[in-house]
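Before any questions on binding or motion, here is one chain by itself as structure tokens, the form predicted on its own.
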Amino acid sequence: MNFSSQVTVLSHPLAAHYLSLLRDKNTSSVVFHHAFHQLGTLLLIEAFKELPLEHFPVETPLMPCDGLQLDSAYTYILAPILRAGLGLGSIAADLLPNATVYHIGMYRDEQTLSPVWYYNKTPDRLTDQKPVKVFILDPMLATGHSAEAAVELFLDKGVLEKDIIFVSVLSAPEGIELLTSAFKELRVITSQIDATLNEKGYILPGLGDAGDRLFNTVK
């Protein structure tokens, strides 16, 4: 696989450790939650590492000094894709508490594998007042169709491709190829690119249904 510089695959021993726990079908719900939180934190720290900063004066107990804070000229948007994206959304909101959160509701048609919208409360325009940085959050980047629809949603609202980052725990080459081909300035952050998809559009070897395992609804 030869993907462009748009894609960052997290290289960290803890990421490999926690991903293996997530893959294991015998991992309990409690351990799955813990591993997901730890891996999600690593991914989001990577995704946030180029956030713009501005200087501001700080008074320590001993003397004044120069401080740095997130640039207030920007609006920071977290966009978890329901429902599995809620897992990454809660972690992202803890790390970036001043961010605006817009939930995106889509499910995958099991026959066509195409996304079906059921929830969208985002405003018509997002860039009239301030420039924005958008982080679309979905644990599984499989076919890429839902991810593509989410990116197009924000592009239609005036957000630039270069200001959108897609964060996934696990990705398939098909989804990566679709996103990076359609959006040349979009960035993708993931912990692993797996081998392929099966006939139902699930990532192989994958980790099963991330939403079901995360919310303990496995049948």
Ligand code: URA
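Residue positions are given as counts along the sequence shown, with the first one as 1. Just so you know, these numbers come straight off a predicted model, no measurement behind them.
The discussion below concerns the form predicted in complex with this ligand, not included here.
> Counting only non-hydrogen atoms and a 4.5 angstroms cut-off, does A210 reach this ligand in the predicted complex?
Replying inline: Judged by the heavy-atom cut-off of 4.5 Å, A210 is in contact with this ligand in the predicted complex.
> Should A142 be classed as touching this ligand in the predicted complex when contacts are defined as heavy atoms within 4.5 Å?
Replying inline: So A142 counts as contacting this ligand.
> With a 4.5 Å heavy atom cut-off, would you call R108 a contact of this ligand in the predicted complex?
Replying inline: Contact check for R108: yes, within 4.5 Å of this ligand in the predicted complex.
>> With the partner left out here, which residues of 181 to 206 have a non-hydrogen atom within 4.5 Å of this ligand in the predicted complex?
In response: The stretch 181 to 206, when checked against this ligand in the predicted complex, contributes G201, Y202, I203 at the 4.5 Å heavy-atom cut-off.
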